[in-house]
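A single chain comes next, written as structure tokens; it is the form predicted on its own.
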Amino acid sequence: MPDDAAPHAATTAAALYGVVAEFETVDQLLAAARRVHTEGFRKIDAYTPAPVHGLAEAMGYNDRRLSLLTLLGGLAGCVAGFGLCYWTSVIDYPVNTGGRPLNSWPSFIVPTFETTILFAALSCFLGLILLCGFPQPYHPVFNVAAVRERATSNGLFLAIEAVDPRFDHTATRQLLESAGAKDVYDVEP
């Protein structure tokens, strides 16, 4: 009989998306996130109704790609805005009014600034959409009734995906329970 149980356990773990634990307080959630990250888990996520200060850092998220995309978008907007002003005033329609030079950069400041802000905002918005993986109309964690009912009102949840190299179904459940979880639920895909 024990030989039959091992393949069944592997099949059950493979059929899982992961596990999700519910916590009663924000401090318990933060402590559990730190502990899970310290134990070596990297495919983790938290679901809370409001932002929790320090939660992303506790889970080891320090991704700065969005900041870089916004900076690059702003620089591209700056170059595009100044280039547009230069092209229209010097190359396409050169009109010398009041004896000023054709490349009068002080008059280009406002359009250059505005295109810098526009391109930075658009690159930030599009970068956020792409980096977050949107649109995502379905996520397996919402198959758990407790998450559906309380994640947007008063629930505090920490999920660990089964694709994490450190994931072992029973050991992961025990880790979350010992971290102070009120309940631990299996997440089916």
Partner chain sequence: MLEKAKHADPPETRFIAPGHTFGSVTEKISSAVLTKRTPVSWFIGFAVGFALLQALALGVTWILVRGVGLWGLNQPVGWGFAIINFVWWIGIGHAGTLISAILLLLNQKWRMSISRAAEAMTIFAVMCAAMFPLFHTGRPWLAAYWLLPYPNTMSLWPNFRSPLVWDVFAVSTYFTVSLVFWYTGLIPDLASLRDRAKHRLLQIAYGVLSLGWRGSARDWQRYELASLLLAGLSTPLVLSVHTVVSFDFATSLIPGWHATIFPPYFVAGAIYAGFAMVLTLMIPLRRIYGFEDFVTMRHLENMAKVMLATGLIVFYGYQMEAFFAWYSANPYEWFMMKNRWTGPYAYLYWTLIFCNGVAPQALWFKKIRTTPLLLFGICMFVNVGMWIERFIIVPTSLSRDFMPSSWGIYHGTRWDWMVFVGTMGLFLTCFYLFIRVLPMLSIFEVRTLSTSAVAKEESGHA
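Positions refer to the first chain, counted from 1. Think of the rigid core as the biggest set of C-alphas that the two forms share within 1.5 Å after superposition. Keep in mind that this is a model prediction, so the values were computed, not measured.
The same protein also exists as the form predicted together with the partner chain; that form is not shown, yet it is the one meant from here on.
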Check: Thinking of D27, L55 and L84 as one candidate spot, does the partner chain come within 4.5 Å of a heavy atom in every one of them in the predicted bound form?
Finding: yes
Check: At the 4.5 Å heavy atom threshold, is P49 in contact with the partner chain in the predicted bound form?
Finding: yes
Note to self: Even though the partner isn't displayed, in the predicted bound form is L122 close enough to the partner chain, meaning a heavy atom within 4.5 Å?
What the structure shows: yes
Margin query: Taking the partner chain as it sits in the predicted bound form, is R35 in contact with it (heavy atom to heavy atom, 4.5 Å or less)?
Written below: no
Check: Are any of the heavy atoms in A76 no more than 4.5 Å from a heavy atom of the partner chain in the predicted bound form?
Finding: no
Next item on the list: Give, in sequence order, every residue of 67-93 that has a heavy atom within 4.5 Å of the partner chain in the predicted bound form, or say none if there are no such residues.
Entry: S67, T70, L84, C85, W87, T88, S89, D92, Y93
Note to self: Would N96 count as moving between the shown form and the other one, using a Cα shift of 2 angstroms or more after superposing the core as the test?
What the structure shows: yes
